[in-house]
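Here's a solo chain for you in structure tokens, the form predicted on its own.
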């Protein structure tokens, strides 16, 4: 019993040590540049805003008919809109739909793209050909016309519904990239050794190939979040989707087409607030991706 337990205990201790060393390395990389810490803080702020922000406000935000387009003040940091509603409250309550859609899109896009790319690149043969033809078909689907058609029968009230559609439309590019990475890695020595030991395909893909591409997949997931934010905000701004939920795209649409933000200086805060939120979110993700590039790249860490 003792002889059997020692290797297990030693393995657990080694894994715990590796985890501690990894997080220490992450902390060192983040501290090296203040901008990276700022990126983490920005992403954390938006995460808190999306989770807890809507809980701080009532379901129906109060309106003040005597304060239409009120200028920024202590009570209204970004002023009010054309209905007398606090603009900051609109930004905070609208963040949940935007962030949940971005997260759902990123998860679906990365999960599908990674699975297809890994399997196609590793198996080769007719499976590779079939999956790549499906990928080409996905890349050829015109997203905007399809969403125009779907919007006539689907209101996209839930961010998960929007994330599902955007994710199903956007996995082709990641599948192509992951397949290329897999074709390169499958000829490496450690993969040949795993094959020689007779390990099953699921083990080789899940334990050998996938960890090697985890940094690339993680960065693509963050980038997919920004792409989903732009896509959904753009669709709501253009009026393609019905305004069933408050979000930043709806704010931009109402500010430009209903609130006269392009002609009335008093309406500019209502237009600039969601734009600033999108800019800050994108900046935070870009700074985190920069940190991840160094965290997972030994050459950059040595520099």
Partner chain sequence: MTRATANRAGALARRVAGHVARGLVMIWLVATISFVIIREIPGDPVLAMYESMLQKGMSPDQAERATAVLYGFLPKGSLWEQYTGYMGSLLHFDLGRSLSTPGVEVTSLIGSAASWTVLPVLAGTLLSFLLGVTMGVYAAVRRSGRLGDLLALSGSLLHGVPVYVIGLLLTAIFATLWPILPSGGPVDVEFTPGLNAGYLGSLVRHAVLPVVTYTLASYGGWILAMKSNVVTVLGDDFILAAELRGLRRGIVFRYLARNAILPLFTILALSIGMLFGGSIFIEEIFNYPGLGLLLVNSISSRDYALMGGTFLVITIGIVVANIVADLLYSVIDPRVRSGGTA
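What we label the rigid core is the largest C-alpha set whose atoms superpose within 1.5 Å from one form to the other. Only a predicted model underlies this, so the values are computations on that prediction, with no experimental measurement involved. Numbering follows the first chain given and starts at 1.
There is another form of the same protein, the form predicted in complex with the partner chain; it is not shown, and what comes next is about it.
Using a 4.5 angstroms threshold between heavy atoms, residue 73 stays clear of the partner chain in the predicted bound form.
Interface membership of residue 234, defined by any non-hydrogen atom within 4.5 Å of the partner chain in the predicted bound form, is confirmed. The closest non-hydrogen atom of residue 133 lies within 4.5 Å of the partner chain in the predicted bound form. In the predicted bound form, residue 288 stays away from the partner chain, with no heavy atom inside 4.5 Å. Taking 200, 125, 196, 145 one by one, only a single residue has any non-hydrogen atom within 4.5 Å of the partner chain in the predicted bound form, and it is 145. With the partner omitted here, the residue from 45, 278, 51, 37 that has a non-hydrogen atom within 4.5 angstroms of the partner chain in the predicted bound form is 278. Proximity to the partner chain in the predicted bound form, taken as heavy atoms within 4.5 Å, picks out 134-142 from the listed stretches 202-210, 113-121, 134-142, 100-108. Heavy atoms of no residue among 57, 158 and 160 are located within 4.5 Å of the partner chain in the predicted bound form.
Along 250-276, these residues reach a heavy atom to within 4.5 Å of the partner chain in the predicted bound form: 252, 256, 262, 263, 275. With the core superposed, residue 74 shows a C-alpha displacement below 2 Å between the shown form and the other one. After superposition on the rigid core, the Cα atom of residue 154 is displaced by 2 Å or more between the shown form and the other one.
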